[in-house]
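Taking the form predicted alone, here's one chain by itself in structure tokens.
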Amino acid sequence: MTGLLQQPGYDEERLKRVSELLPCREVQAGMLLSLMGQPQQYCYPSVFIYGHRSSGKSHVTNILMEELELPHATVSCVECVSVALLFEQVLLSFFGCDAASLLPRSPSLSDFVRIYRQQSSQFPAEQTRYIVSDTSPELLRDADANLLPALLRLQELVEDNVTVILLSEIVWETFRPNTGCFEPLLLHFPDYSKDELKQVLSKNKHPSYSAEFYSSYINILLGVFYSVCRDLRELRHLAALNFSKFCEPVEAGKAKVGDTHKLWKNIEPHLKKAMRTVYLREVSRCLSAHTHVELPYYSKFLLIAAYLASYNPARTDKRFFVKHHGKIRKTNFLKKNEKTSNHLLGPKPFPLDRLLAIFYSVVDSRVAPTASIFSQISSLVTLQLLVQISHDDQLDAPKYKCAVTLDFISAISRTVNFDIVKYLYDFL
């Protein structure tokens, strides 16, 4: 549906072009535009956009900035390994190399604000300037304590028409620094529905085949993978990877384009085989790609705690997670009849209170037992990383099992600098 975007101050042809480039995301683009207002008007100081991976956050924001030719600086908190690089990127994008060169070797926030104010007074903004952090902005929480609060109210500090847009996969309640800060406007991007995924994926049709034929292929693909994979990028990769197999009977003359049943029978075994390579939102990738799974920070530690609870006997928790447990003799700690590896026996169920106890022991910061932590446990169950084996109507606490492999949890552990092998009973 094109032509949906309407916002005073912007060229109608450009807005129409934006709508064409953002299928099934016109509503979110329109909401963001309404928050931004007209180009010459002062925008709200900061906007926090959140949603799951591949929900269109970066794509929508970048398309609006590029197509509407809005002055912006896109910064990656992964690439900007120091605040100096972040400050330099912003000044370079807005004012050029000369402004960036004014920064001292190890600039402070005050240096950045001072130089920005000098440059903005010489080159006043004719329209709102935007600073967009679209890669792991949660890393800002680990920087200087005053950096994130300052960015959220940068407009006030530099006295310029500038807005900071943060794109994140975690909710603001988890993102918010403990010291408190200026509250940004919140904008949620929901996941694509099945019909929306079909509409978006069908636009990438093969030039040798009709749109109807490719759409029927996408429909079959989603029927198989939608329950386990809703990542648009991964589904697009999967569609491109398997289309040649879907077309084999047609190219061999064994079926016609309209023989959907024959085409399905031909590709069904191939897709079922591909299902075994799909984990979470990953499709047809080797094991090394598991390091790219994106989970919120605390969800990673929850998953680590779940793995330890599944593969360590409960009686070993004191040995691993209590700092002053006293001396425990190895002969008493290791039972002689325990010769079979727990990893060969498979994951054991564990109660919720044990999961939380291990989580609070391994996480490297003080975390309050908020509803956010419990919602992240539910998300891990929804994503099939945890399996809930007790019913919701039971009076006792729910029990879970961890559903990931050792290689997978090792990759997750490396992203948070946690040596999980040291805490596994099988590797003593």
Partner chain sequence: MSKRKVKDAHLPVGECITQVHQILRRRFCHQQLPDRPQGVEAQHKHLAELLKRTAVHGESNSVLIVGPRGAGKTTLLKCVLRELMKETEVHKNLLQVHLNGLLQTDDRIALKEITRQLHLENVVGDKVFGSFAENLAFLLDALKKGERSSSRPVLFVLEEFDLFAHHKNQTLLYNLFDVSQSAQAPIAVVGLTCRLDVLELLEKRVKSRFSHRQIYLLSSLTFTQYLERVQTQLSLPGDFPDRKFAQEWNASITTLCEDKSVEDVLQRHFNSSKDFRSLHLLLMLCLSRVSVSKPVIKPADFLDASHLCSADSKANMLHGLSILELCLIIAMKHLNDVYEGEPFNLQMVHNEFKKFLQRKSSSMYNYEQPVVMKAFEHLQQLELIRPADASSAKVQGEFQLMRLMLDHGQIMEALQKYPQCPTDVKQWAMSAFA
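Residue numbers count along the first chain shown, from 1. Only the largest set of C-alpha atoms that superpose within 1.5 Å between the two forms is called the rigid core. Computed from a predicted model, the values in this text were never measured in an experiment.
One more form of this protein should be noted, the form predicted in complex with its partner chain, which is absent from this view; the next part is about it.
Colleague: Any chance residue 360 has a heavy atom within 4.5 Å of its partner chain in the predicted complex?
Modeller: Residue 360 lies outside the contact set for its partner chain.
Colleague: With the partner left out of view, is residue 345 within 4.5 angstroms of its partner chain in the predicted complex by any non-hydrogen atom?
Modeller: Flag for residue 345 set to yes.
Colleague: Even though the partner isn't displayed, in the predicted complex is residue 272 close enough to its partner chain, meaning a heavy atom within 4.5 Å?
Modeller: Residue-level check for residue 272: yes, a contact with its partner chain.
Colleague: If you check in the predicted complex, is residue 141 within 4.5 Å of its partner chain, heavy atoms only?
Modeller: Although its partner chain is absent here, residue 141 would touch it in the predicted complex, with heavy atoms inside 4.5 Å.
Colleague: Could you check which residue among 103, 83, 157, 200 gets a heavy atom within 4.5 Å of its partner chain in the predicted complex?
Modeller: Selected option: 157.
Colleague: Just give me the single entry in 180, 313, 258, 124 that has a non-hydrogen atom within 4.5 angstroms of its partner chain in the predicted complex.
Modeller: If I apply the 4.5 Å criterion carefully, the residue I get is 180.
Colleague: Quick one: find which of 203 to 211, 250 to 258, 350 to 358, 184 to 192 has residues within 4.5 Å of its partner chain in the predicted complex by heavy atom distance.
Modeller: After filtering at 4.5 Å, what remains is 184 to 192.
Colleague: For the heavy atom contacts within 4.5 Å of its partner chain in the predicted complex, list the residues of 24 to 59 involved, in sequence order.
Modeller: Contacting residues: 31, 34, 35, 36, 37, 38, 40, 41, 42, 43, 44, 45, 50, 51, 52, 53.
Colleague: Aligning on the rigid core, do we see the C-alpha of residue 21 shift 2 angstroms or more between the shown form and the other one?
Modeller: After core superposition, the C-alpha of residue 21 moves less than 2 Å between the shown form and the other one.
Colleague: When you overlay the rigid core, is the Cα of residue 384 off by 2 Å or more between the shown form and the other one?
Modeller: Where the cores coincide, residue 384 still shows a C-alpha shift between the shown form and the other one that is 2 Å or more.
Colleague: Has the Cα of residue 128 moved 2 Å or more between the shown form and the other one, judged after a core fit?
Modeller: No: residue 128 shifts by under 2 Å between the shown form and the other one.
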